[in-house]
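There is one chain below, alone, in C-alpha cells, taken in the form predicted alone.
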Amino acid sequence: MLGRLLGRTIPETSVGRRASTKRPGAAPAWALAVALAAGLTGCGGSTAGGGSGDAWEPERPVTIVVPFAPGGGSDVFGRALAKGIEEARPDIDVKVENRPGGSGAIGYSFLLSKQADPHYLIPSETAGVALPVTTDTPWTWSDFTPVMQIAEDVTLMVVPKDSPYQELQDVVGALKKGGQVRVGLAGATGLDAIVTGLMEQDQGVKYRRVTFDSGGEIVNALIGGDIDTAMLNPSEVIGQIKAGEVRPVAVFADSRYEDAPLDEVPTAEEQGVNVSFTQYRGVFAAGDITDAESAYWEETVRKWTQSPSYSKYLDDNFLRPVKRPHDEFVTYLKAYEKQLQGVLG
C-alpha cells in the first residue's frame, strides 16, 4: 500500500551536507511567482539575510507562512512550530501569517517570492508535493529548502453524532446504492482528497465532494449538517470528538491508535477498505538559502523535537514521531512525489 511505502520510519541522524533539490536544467520557477505573490500581499520580495559564512543567525523577525486558513492541522502545526522556535532560540521573534487560497498554492507562492531569504518558513504537508502534480503551479517542492520532517499524520473518517452511518461499510453501502454522500475536503490535493480518491478507487464508488478552505470550516459544516462525512486529521477534530459532537468511524492507517478516545476506532482495512495512507509534517524554508542558513534551521527544529512542547504537540494532536533530517527528508520527498504521481497524475 502507498501508506506503507511512505510511512517507513528512517532513524534520526546528525545534520549532514545539504542535498540539492533543484531540477537539472529547469528554469527558475520562482521567478514566475514573484509578481503573483507580490500582488497578493502588496509587497515585493525581500533581501536575503545572512551570507556564505560558517555561521548564521536571523537578523530580523521570522515569519511562519501557513498556507491554509486558521483552525486546520497546518495552522495548529505552524503555531506549535513558532512556539518551538522561540523556545529553542529565545532571541528570535516569530510571527505566524495565514495565507490561504488555492488549496495551499497562495501560501507556497508567497514563500516562492521570498527566494534566498532565510527569514521565512512554511509548515509543509502533503499539499506541498501534491499540488504541482495536479495543478499548473509555478513551483514544485524542490524550489524550496526542506529543513526537516518532524511527524507523520493520518486521516480519520468522521460523521455527525446523529449520523445513520455507524461504521465505514455503512458509508460504502450508501455510495454503492447511488446515495449522494457529501464529503468535505480542504482543496483538491490534500491528504483528505487523496484518501477519498483512494477509497473511491478501492470500492468503485463516488462521493459528492464539497470543498472548503480549511479543516476548521469542514468541522463546522459537519456539525451543522451541511456535509455527511469528512476526512480529517485528529488535530482538526479531536476537541469535537471528545465533546461528542462528531464520531470517528475509521482510521486510514496500518494500525489503530493506542490512546483514548481513538483507541477503539477500527482501521479502514479492518472494515474491508484497503486504504492506508500517511502524510508528512515537516518544515520548508525558502529556496536558494545558504548551507549555513539551512543548517541553522535544521538544528533549531531538531532542538524543538527534543523538548516537552514538541511531545505535547504530538500527544495533543495524535501525531506519530517520525523524524527525518534534511538529506533523508529530501530522499523521502522524491519517493513521495513519485508515488503521488502514480495516484494523482
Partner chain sequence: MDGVFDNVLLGFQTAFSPANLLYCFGGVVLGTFIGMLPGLGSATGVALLLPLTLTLDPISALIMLAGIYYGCQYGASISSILIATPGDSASVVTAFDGYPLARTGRAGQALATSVIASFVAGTITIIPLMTLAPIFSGLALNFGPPEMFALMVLGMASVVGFGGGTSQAKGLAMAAFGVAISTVGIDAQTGIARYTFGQVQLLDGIGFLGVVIGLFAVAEVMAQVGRGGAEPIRTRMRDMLMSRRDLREISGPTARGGVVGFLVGMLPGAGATLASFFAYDIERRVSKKPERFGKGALPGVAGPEAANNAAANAAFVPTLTLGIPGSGTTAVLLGAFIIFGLQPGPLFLREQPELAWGLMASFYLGNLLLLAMNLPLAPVLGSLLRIRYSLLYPLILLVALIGAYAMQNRMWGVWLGLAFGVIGYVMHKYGYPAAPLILGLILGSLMEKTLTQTSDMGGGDLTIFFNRPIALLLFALALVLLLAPYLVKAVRRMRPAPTSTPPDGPADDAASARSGDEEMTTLSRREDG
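Computed from a predicted structure; not experimentally measured. Residue numbers count along the first chain shown, from 1.
Just so you know, the form predicted in complex with its partner chain exists too; it's not on screen, but the next bit is about it.
- Contact annotation: P266 falls outside 4.5 Å of its partner chain in the predicted complex, judged by heavy atom distances.
- Contact check for A260: every heavy atom lies farther than 4.5 Å from its partner chain in the predicted complex.
- Its partner chain is not drawn, but in the predicted complex it has no heavy atom within 4.5 Å of E86.
- At a distance threshold of 4.5 angstroms between non-hydrogen atoms, T305 is out of contact with its partner chain in the predicted complex.
- In summary, among the residues R208, K161, K176, R256, the only one with a non-hydrogen atom within 4.5 Å of its partner chain in the predicted complex is R208.
- In summary, among the residues A151, I238, V94, A116, the only one with a non-hydrogen atom within 4.5 Å of its partner chain in the predicted complex is I238.
- Each of R99, V219 and G224 comes within 4.5 Å of its partner chain in the predicted complex, counting any heavy atom.
- Note that among 267-275, 121-129, 70-78, 167-175, the stretch whose heavy atoms approach its partner chain to within 4.5 Å in the predicted complex is 70-78.
- Contacts of stretch 321-336 with its partner chain in the predicted complex, defined by any heavy atom lying within 4.5 Å, are made by none of its residues.
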